[in-house]
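This document starts with two versions of one protein chain, written out as structure tokens and named structure 1 and structure 2.
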Structure 1
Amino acid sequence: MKWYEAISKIDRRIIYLFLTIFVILPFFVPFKLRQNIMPQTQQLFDFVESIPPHDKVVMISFDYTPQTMPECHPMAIALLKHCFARNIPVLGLSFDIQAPGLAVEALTTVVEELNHKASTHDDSLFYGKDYVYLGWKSGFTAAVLDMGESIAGVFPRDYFGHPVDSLPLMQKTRNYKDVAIAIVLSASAYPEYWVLYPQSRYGVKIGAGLTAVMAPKYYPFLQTGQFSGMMSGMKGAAEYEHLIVEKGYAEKLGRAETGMNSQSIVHLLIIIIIILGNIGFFFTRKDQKQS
């Protein structure tokens, strides 16, 4: 059998085996690929970077679900690392009933990692002082509007049952006047309604972290300035990870970068297989014509 006949008749099981290996490989052999930072990711990073330490809070609305966790969870972790590294307090909440467990996991993961590296008491993060998670609330429209008057009025107790007024961070975070930006991590229409209600009435700055399939819908919000930045899909999360590592806020890249590396090398493998298949096809057809 000639070489071009051989490459055009590769057993599909061999192809699947190579695809499996290339999907798994980046999780065991970490490596970096160059990231081209999209403008909307850079815009969100720059906005958070411009917030003075120990000033207003960054409000993060955790509204993603287990189905969209691979894209949105790395966004949450990268964003939390950025805020905590710059001593910016974080106020978390959720309007999707499936989100609280994921929000607590993200907060716990980042806080434990940073506290493990802390050398002094002042370097450590404390619940109630540096971050608060309010939990889930039904009645989205009424809730986001009422928070413009009083956050404690909408969330009298946090996720863990503490009276909100008893927490030091909440004693200086009364309403949207004390919020630098609200960043919505979601795979649904929540960011649109944050613009429609809190921003239009109270002028709240809005950022977003969206799944790749949802992101194109929201580019007009960036162009009109209604969004102050946006992360788009796993690539957006990987870009944000790259930015915080580049700035020195984190030591290594996270899950999104690993996932993007896996996707990239699998796409490269598929392109190579297609090229080889076409080479085999054209040489085989040439032989058939000559004979």
Structure 2
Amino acid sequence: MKWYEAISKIDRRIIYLFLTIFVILPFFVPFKLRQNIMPQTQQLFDFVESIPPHDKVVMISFDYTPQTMPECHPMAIALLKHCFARNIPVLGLSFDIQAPGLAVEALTTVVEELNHKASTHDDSLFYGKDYVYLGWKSGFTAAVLDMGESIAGVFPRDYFGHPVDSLPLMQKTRNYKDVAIAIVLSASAYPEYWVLYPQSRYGVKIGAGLTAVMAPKYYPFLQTGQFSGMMSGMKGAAEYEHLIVEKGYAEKLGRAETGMNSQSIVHLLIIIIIILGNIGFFFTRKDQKQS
């Protein structure tokens, strides 16, 4: 076998082995790659920065699944830290059937961490006052449209079974007029439906945290201003982590930032493999033409 045939027929298991090694290596040989912040992440961060404290809520729709946790969960954590650090109340909800457990975990993790650091009663976060998780609802379209009239009408009870009207935060959050922005963390088409229904009818500002696969489809929504910002994939999450650390809202970077080191190395490997494959293909075709 000629050299160019060999490089275009590398056993896929060898490629998997190299991929695994290249993913693991950065966890044990730490290095720092400069993180440039993409404009859409900065835009979302700036929007949250512009919301006055103790005023309107940030609605976070947790619609990701366990499969896409590495991308969307760090986004949720970073976003929650940002909101709580600025005393912006958070209203969580879900429409994806697999999401409620992950939403509760994200909220619990952040609230426990911040309450552990809190020195006074006022610094602490309280369920019902600073944040509420409404839980899951079936019938997405009807639900998001009805929330424009009354959130409590769609979610009479929260995830934990409390009557929604009894929670202090919900007494001042009646409908979308009391929502500064709805940020959809999703691994499926929910963000475009948020644009389609609540934004078209009620003018709700929409932000998004998407898996990288979905990101190219959603860039046009940024350009038209239908999205007020967007985090795309693990990189978007890492950028948001970077921004909240830079502003002093968090002490250390999260999981996405450490994962991005592996991501960068693996991208180099994939670029090399693509170049090798193309060289092999080019020479093989040239050989075939000559013979």
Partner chain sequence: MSHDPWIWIGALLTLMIFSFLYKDNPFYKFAEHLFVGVANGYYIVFYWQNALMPNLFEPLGAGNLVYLVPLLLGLMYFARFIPKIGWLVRIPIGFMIGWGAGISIPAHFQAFVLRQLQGTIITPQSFSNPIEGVWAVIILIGVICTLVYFYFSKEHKGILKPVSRLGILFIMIGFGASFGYTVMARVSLLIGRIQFLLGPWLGLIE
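Whichever C-alpha set is largest while still superposing within 1.5 Å between the two forms counts as the rigid core. Numbers given to residues start at 1 and step along the sequence of structure 1. A quick note: this is a predicted structure, and the numbers were derived from the prediction, not measured.
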| item | value |
| --- | --- |
| Either 1 or 2, the form predicted alone | 1 |
| Rigid part of residue 160 equals that of residue 286 between structures 1 and 2 | no |
| Relative rotation of the two rigid parts between structures 1 and 2, taken as the smaller one's turn in degrees | 33 |
| Per-residue C-alpha deviation between structures 1 and 2 [residue 264; rigid core superposition; Å] | 2.5 |
| Shift in Å of the C-alpha at residue 26 between structures 1 and 2 after core superposition | 4.4 |
| For residue 280, CA displacement between structures 1 and 2 after the core is overlaid, in Å | 15.9 |
